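Form predicted on its own, single chain, as structure tokens, below.
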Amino acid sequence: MMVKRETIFGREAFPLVIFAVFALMPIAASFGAENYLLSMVTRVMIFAIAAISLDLILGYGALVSFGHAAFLGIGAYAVGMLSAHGVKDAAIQLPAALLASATFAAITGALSLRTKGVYFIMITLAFGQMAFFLAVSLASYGGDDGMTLSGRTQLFGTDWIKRDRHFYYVVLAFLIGTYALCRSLVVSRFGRVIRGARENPQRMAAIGYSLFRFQLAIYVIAGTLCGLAGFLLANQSEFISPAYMTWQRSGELIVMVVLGGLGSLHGAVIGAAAFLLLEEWLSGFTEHWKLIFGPFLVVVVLFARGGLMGALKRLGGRGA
């Protein structure tokens, strides 16, 4: 029976179940409020990409970043700025969003990773706030009020992804690609070095690994993937705002990762879905929904070791 449990909740089968549910969602949505459901689940998948990118450095590298949402905003602003100047094709916007995010990650990471512990947290927070206030100062791009885009990005000169269902599957493809990339990184020699640095950095340095280079590489990869989420978020909402890169947004991404389970990439997907769906449900009762969500998160952290993924595995074990 143990084999059955591992088949259902193991690293291989469970992500396939998650992606199958996402793939079938448009069919289920066609029987109800299709536009609302597609919009909601698309948003879940976009933030799942951002949460997976954060899990790379937080769950596997033990690097607590309170500025990760800056990459989300940079990716979104790359879309908005180029669109404002008439450049609306994904062939230009997407590479620009990824390059801008990677550059910001490389510069800030090279400085932040020279610190440790609470100092690393504070310097990433400072860089995130710098990006936020820079966006606020961009009056020609809406300033503090943000900017509404004229429409979604074109794909090789066509309006193919302007249809909600087409855009949904584009986001799903990026989510699967992000998960596959990060999973391959985690199980590679590169990933083993990152995990070793988390567990015993002195020993890894003693056997000859340059931990700074490895950590900077994973930091840049994580920032670039979060920039991809920003590119998708700008297209999904057709709006950009400095609010995308506040420290509170970074905190929400951390909550998603912790809620789903640290060091579990599919746990980050579960955490993003749980956070956003609970937000949508609880906000229907009160605008102070965080007063309800806060105690729920405390209970999960205290009693569900490994987050929601850990709880699911234990429930599966009892039922086996």
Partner chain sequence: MSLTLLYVQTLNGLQLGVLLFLIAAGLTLVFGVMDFINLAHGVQYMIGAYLAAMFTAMTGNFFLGLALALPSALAFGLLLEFLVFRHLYDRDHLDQVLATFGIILALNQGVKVIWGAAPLSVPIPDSLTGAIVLMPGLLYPVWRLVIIGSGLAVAVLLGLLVTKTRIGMLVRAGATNAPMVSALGVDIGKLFMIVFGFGAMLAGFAGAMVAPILSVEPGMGDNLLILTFVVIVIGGIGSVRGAFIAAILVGLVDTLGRSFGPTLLKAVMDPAAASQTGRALAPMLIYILMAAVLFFRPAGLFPAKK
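Residue numbers count along the first chain shown, from 1. Note that this is a predicted model, so its numbers are computed, not measured. Each form is matched to the other, and the largest set of C-alpha atoms that superpose within 1.5 Å is called the rigid core.
Separately, the form predicted together with the partner chain exists; it is not shown, and the next lines address it.
- Looking at residue 114, you'd find a heavy atom of it within 4.5 angstroms of the partner chain in the predicted bound form.
- Residue contact with the partner chain in the predicted bound form: residue 119 places a heavy atom within 4.5 Å of it.
- Contact annotation for residue 134: at least one heavy atom lies within 4.5 Å of the partner chain in the predicted bound form.
- The shortest heavy atom separation between residue 103 and the partner chain in the predicted bound form exceeds 4.5 Å.
- Distance criterion of 4.5 Å from any heavy atom to the partner chain in the predicted bound form singles out 254 from the list 254, 29, 41, 274.
- Figure note: of the listed segments 124 to 132, 224 to 232, 162 to 170, 186 to 194, the one touching the partner chain in the predicted bound form, with heavy atoms no more than 4.5 Å away, is 124 to 132.
- Contact annotation for 64 to 86: residues with any non-hydrogen atom within 4.5 angstroms of the partner chain in the predicted bound form are 64, 66, listed in sequence order.
- Shown in the overlay between the shown form and the other one, fitted on the rigid core, is a CA shift at residue 299 of 2 Å or greater.
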